[in-house]
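Only one chain comes next, encoded as structure tokens, the form predicted alone.
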Amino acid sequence: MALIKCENVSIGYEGQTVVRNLNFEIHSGDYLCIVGENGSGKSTLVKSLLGLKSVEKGRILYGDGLRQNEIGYLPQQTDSQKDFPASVYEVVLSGRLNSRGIRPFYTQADKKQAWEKMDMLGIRDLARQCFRDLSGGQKQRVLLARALCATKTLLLLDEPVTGLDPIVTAEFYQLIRKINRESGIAVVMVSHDIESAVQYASHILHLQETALFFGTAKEYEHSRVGRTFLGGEQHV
């Protein structure tokens, strides 16, 4: 059963339809990259998957026990996020907020989760440091640990390597693939970087108002759309 299934989904933004007639599925363990040019509807789709934006038409179905508030989300970084005046441990632990419900305090299990995720991402030694004093790459690891605290099944990452240098970017991509393979957590990543998407992802959704392509990364490489955007043909 699919974790998420989109059936004939259309989504509007400021009175305009930006995504139309979208059909695709995400299954447990998948690594889906959503690619496309600026304004193609990628971030709008992400907001709808999270339930932050309603669909105009069609429906988004959640299966296999997944609830919207159990999706681990790493949004595009904003300046206010970068200057967040909390410790690394506090930022990571805040990923447990949704599962805390009406309980006023974090449980021992919540705290254990936070330490486990910091261990997984190699940032335990940063626990007491102030988030805003970290490098860009360290901040993204902290925010990824926070997103992992919120989910057991699905990570949603919106342009997670923007502004990172090439070495840190490569490390981050490898880290995501490792989490996907070793923990079985499905990954949905919005990316401008089509070549890296094809290298790391299992599936590609190429958006340009509607789905120009949905299928495996291998199929994408050999498709007309894939060859065009990967530089094999001139775009007509």
Ligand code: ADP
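We number the residues from 1 along the sequence you see. Just so it is clear, the model here is predicted, and its values are computed rather than measured.
This next part talks about the form predicted together with adenosine-5'-diphosphate (ADP), which is not shown.
adenosine-5'-diphosphate (ADP) in the predicted complex is approached by residue 40, whose closest heavy atom lies within 4.5 angstroms of it. For residue 44, a non-hydrogen atom is located within 4.5 Å of adenosine-5'-diphosphate (ADP) in the predicted complex, even though that partner is not displayed. With a 4.5 Å cutoff on heavy atoms, residue 212 does not count as touching adenosine-5'-diphosphate (ADP) in the predicted complex; it lies far away. Among residues of the shown chain, residue 18 is one whose heavy atoms approach adenosine-5'-diphosphate (ADP) to within 4.5 Å in the predicted complex.
With adenosine-5'-diphosphate (ADP) left out of view, the stretch that reaches within 4.5 Å of it through heavy atoms in the predicted complex is, among 193-201, 176-184, 32-40, 58-66, 32-40.
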